[in-house]
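Next up: a single chain in structure tokens, the form predicted on its own.
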């Protein structure tokens, strides 16, 4: 059962504050909540927190047979899960509307934008490729789970390292713990992970998602990274996914109040500034984590 809607005093208080360019958490109208990243012992495990919104993204890889129509490309699948632990708004069982929307947006931003080079995931054309599976778990929903999930997902891709694979004629060397039998190969040799350093994914660009919330009063300016109460009382949301090079990957607006083209262009300029800051923050945090890890190459 969904919780009741915000009360009339809550609505009036929030709307009056926004008219004065004030937000309940003390942020400016165009301020993001500072994201924090926690990396697990395994490469590709990331917990991202924006305020009290928390998301875990985990990436794993396995060798599979490629799709017949794309024999030279690897496979990327994305799954999301929002349990009642995240918020009383969500019920167990069938996926909620929010979960379906989240999965679709993650697929557009991370997979269909060609952020990851799928051809680099090919091991043997038509026989074996890497399949990357990204699983996103929403632990706590305090507003704007889309931006937090996209951020956790792209950081998981950048943090992940795939096992090294060497192919010389019919001789294949795979750095992997489990034995994997490859068909139609005359020789297969296995080494432990300590003998070869894992390889980072080939990433074309790094998209980030920035969401703006609009309100019924046209005199109220839109806010970026809405909180849960702001999101519930908003009259429309606009999500812009772009990279630090100002290339727009996705622009999503599902209903809500009409938005003038000039306003959309203004939001794109604002998002480009925020995305550059996010890109620098992510690169610095990844470098810090990588320097703290020991990788032996023999």
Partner chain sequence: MSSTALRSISISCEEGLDGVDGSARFSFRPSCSALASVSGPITARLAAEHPARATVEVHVRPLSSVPGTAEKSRGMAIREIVERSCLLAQHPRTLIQVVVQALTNPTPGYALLAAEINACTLALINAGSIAMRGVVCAVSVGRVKKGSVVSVEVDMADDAVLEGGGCFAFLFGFALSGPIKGSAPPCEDVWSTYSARPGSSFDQAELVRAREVAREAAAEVWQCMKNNIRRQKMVGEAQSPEEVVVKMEI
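Remember, predicted model here, so these are calculated numbers, not experimental data. Residue numbers count along the first chain shown, from 1.
Although not depicted, the form predicted together with its partner chain is the subject of the following passage.
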property	result
In the predicted bound form, residue 70 touching its partner chain (heavy atom, 4.5 Å)	no
Partner contact for residue 45 in the predicted bound form: its partner chain, 4.5 angstroms, heavy atom	yes
Contact flag, residue 107 vs its partner chain in the predicted bound form, heavy atom cut 4.5 Å	no
Contact test in the predicted bound form: residue 79 vs its partner chain, heavy atoms, 4.5 Å	yes
Within 4.5 Å of its partner chain in the predicted bound form, all of 41, 91 and 140 (non-hydrogen atom)	yes
Proximity to its partner chain in the predicted bound form (heavy atom, within 4.5 Å), stretch among 124 to 132, 206 to 214, 149 to 157, 91 to 99	91 to 99
Contacting member of 63, 270, 233, 56, with respect to its partner chain in the predicted bound form [4.5 Å, heavy atom]	56
Residue among 199, 218, 167, 85 with a heavy atom within 4.5 Å of its partner chain in the predicted bound form	85
